[in-house]
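A single chain, nothing else alongside it, follows as structure tokens in the form predicted alone.
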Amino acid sequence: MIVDDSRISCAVLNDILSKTNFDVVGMANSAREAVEKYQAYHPDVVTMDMNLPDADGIECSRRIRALDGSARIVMISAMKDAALMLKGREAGISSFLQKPVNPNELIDAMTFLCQDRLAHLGELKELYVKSFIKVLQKSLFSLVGVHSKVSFDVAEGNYLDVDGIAVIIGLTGSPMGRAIVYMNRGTMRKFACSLLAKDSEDELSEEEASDAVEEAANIIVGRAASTVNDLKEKEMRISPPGTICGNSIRVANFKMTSFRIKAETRLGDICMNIGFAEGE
């Protein structure tokens, strides 16, 4: 996320970052907006200008760090003296660069700050996400006879928004977190019809369809947890599922590193969001 009240500076930084593996998830031109957007996007790293209309960059950084003590902040300012850097470090700023910023120095600073994050994501992918993907594909075929094309990415933001059905299953033991299996209403009814061997979707009530998806989700996540335990010598357990049906469902995703898995099938997209508690 870029925090700067200068349109020119924002454009320059955005142009630099557009040529790298970093994605700009938001821009803010005031401390108030920076705090709001940090809460909304939870970015991996923030570039911070010193002069903002409603507070200086140090105070803005202090407010962000009050929300998230692990926030990574790079100060980019016309000034870079020892007193400023001392105050900045006390506020939780990790790195200091001077305008006009050197693109290589910026990328090096941001990459260095995100190394632990990248290593953590890689570990979670190898240890858990790949197992969940394999189990999801196998289970969709064994349960409803469909082949699937699966993709996955890191889920950004503090919320998961769903229209249709979301089955939420807690992951306890090691590691802790939760899995959410979700799909839209049309896919839910087609999935339930196949699972229950019904000739027509008209034979299913909304409750029967949601119950069928809930049971399937419980089976899929349970199988995935068992696979992780066998392969990685873990003690992951699942809690009883909770199911929500409706439009504009919003599930909080705070303090979790989450991955979104999407299985494209002839029934529609069947998705899974796996979140792991940070620090676990």
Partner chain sequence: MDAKLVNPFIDALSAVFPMMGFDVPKRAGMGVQEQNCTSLGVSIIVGFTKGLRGNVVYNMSDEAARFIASKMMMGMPVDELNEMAQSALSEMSNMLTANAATNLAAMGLEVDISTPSLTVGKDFKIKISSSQYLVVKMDIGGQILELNIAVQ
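Residue numbers count along the first chain shown, from 1. Here the structure is a predicted model, which is why all the values come from computation and not from measurement.
Just so it is clear, the following notes concern the form predicted in complex with its partner chain, a form of the same protein that is not shown.
Novice: On the criterion of a non-hydrogen atom at 4.5 angstroms or closer, are G122, G145 and S151 all touching its partner chain in the model of the complex?
Specialist: Result no, not one residue of the spot touches its partner chain.
Novice: With a 4.5 Å heavy atom cut-off, would you call N51 a contact of its partner chain in the model of the complex?
Specialist: The answer is no: N51 has no heavy atom within 4.5 Å of its partner chain.
Novice: Would Y159 count as touching its partner chain in the model of the complex under a 4.5 Å heavy atom rule?
Specialist: Result yes; Y159 sits at the interface with its partner chain in the model of the complex.
Novice: Just to confirm, N29 within 4.5 Å of its partner chain in the model of the complex by heavy atoms?
Specialist: Because no heavy atom of N29 falls inside 4.5 Å of its partner chain in the model of the complex, the answer is no.
Novice: Any of the heavy atoms of M183 lying within 4.5 Å of its partner chain in the model of the complex?
Specialist: The answer is no: M183 has no heavy atom within 4.5 Å of its partner chain.
Novice: Tell me which stretch of 86-94, 162-170, 125-133, 73-81 has a heavy atom within 4.5 angstroms of its partner chain in the model of the complex.
Specialist: So the stretch in question is 162-170.
Novice: Which residue, C193, M176, L106, C114, has a heavy atom that falls within 4.5 Å of its partner chain in the model of the complex?
Specialist: Exactly one residue meets the criterion: M176.
Novice: Suppose contact means any heavy atom within 4.5 Å; which members of 207-229 contact its partner chain in the model of the complex?
Specialist: The stretch 207-229, when checked against its partner chain in the model of the complex, contributes E207, D211, E214 at the 4.5 Å heavy-atom cut-off.
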